[in-house]
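First comes one chain, alone, set out as structure tokens in the form predicted alone.
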């Protein structure tokens, strides 16, 4: 078995994404990246400014110590009382360390745990760097003071408490407002996309709610300018399909209508031939010809009924308030004699059930349901036709105790020319297809289930009730029901 390659540029089903997802991706992701970049840049600028400020404050003690470095007997010494040295180390948050030493590392004053400074004298005679003192990270300001016997290095270090605290405050101060802005922006983008795509969703719902044979033009008045060419193209396609289906429907109706007359004449001639003396073999052949003619005439009538039920085969102004009970009573005179010929018990349990419908199509619907029940119910079986109300709905049902329809076949039987595998009889497979078309034409619903004791078939059609003020049956409506044989 060979696989069909997808056309170039076509996205595979696994990779296909909705327009909403693509818009969110192209709007939200760049927006988020810009916000993150802006936040990081603001944080870097603020942190750099804070670092410069704290470094200047850290350099002040080093400059103060440099003013008290003197030379005695050719050697540099720190001329600063111990109390004053302790004052330099006072801080509310951090621990302060300092040292005064030669370039060779000889300590003149301060703490011996101070790290060794860089060996080269930097330009400007001062440097700032990070180091470790007593297992703590510190920021160090080193000042190189020129002396006759070589420069003296003054180092002042402090721990990172204030700096880390300021870093957190800057981070929170910069991040929280940006996150709030980002969140509000994403929410606004989300609602903006939903609102912008609402016409497309409305168009999708309108198409999804239509039946496969509803080819009316789409209303593109609410669609955005960019979508209107698509709606116009779809309407052109629907128009072409409608024209093709109308031509097919007219052909079917005309062909069925033209077949009825010659078939009726042929059936009459066969009936006359059967009354003439003939051999037994000839009579059997004529009887088979009569059966085939009857089936062909029945098929032509079914095709005519199907063309009437299809969209375009009936006019919307043919809908009138009608009682389902009266339709069932009219059908009794036609189908009770047919049921008696097969020794079937055809009963009617009728209650008033007003709806708005096409009387001719309703009769076609009921005729097909009863005919199917008679055709597939064995002799001495039972068929019951009911009309009733369920809330505001008018309900028509036909129940039999025949072989029934398997649950996995109950959707398929509404297809044209479909027959349940292994079913008896010589049906054309159009009866329930006609029922489905009539149900669609009235906006009704049809369900197939099992009859009493899970035997046979129960077909139920639910129609919408009539508008207020038309719920009463006509004054000349008959009594509560018609009994079967």
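Numbering follows the first chain given and starts at 1. Being a predicted model, the structure only gives us computed values, none of them experimental.
A second form of this protein, the form predicted in complex with a small molecule, is not displayed here; the remarks below concern that form.
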Query raised in the report: Ok, 42, 460, 51, 428: which has a heavy atom sitting within 4.5 Å of the small molecule in the model of the complex?
Result: 428
Report task. Just give me the single entry in 385, 373, 344, 157 that has a non-hydrogen atom within 4.5 angstroms of the small molecule in the model of the complex. Result -> 373
Query raised in the report: Among 66 to 74, 429 to 437, 24 to 32, 51 to 59, which stretch sits within 4.5 Å of the small molecule in the model of the complex, heavy atoms only?
Result: 429 to 437
Query raised in the report: Would residue 293 sit within 4.5 Å of the small molecule in the model of the complex, counting heavy atoms only?
Result: no
Query - Non-hydrogen atom contact residue 47 with the small molecule in the model of the complex at 4.5 angstroms - result: no
Requested in this report: May I ask you to state whether residue 368 is within 4.5 Å of the small molecule in the model of the complex, using heavy atom distances?
Outcome: yes
Query raised in the report: How about residue 404: is it within 4.5 Å of the small molecule in the model of the complex, going by heavy atoms?
Result: yes
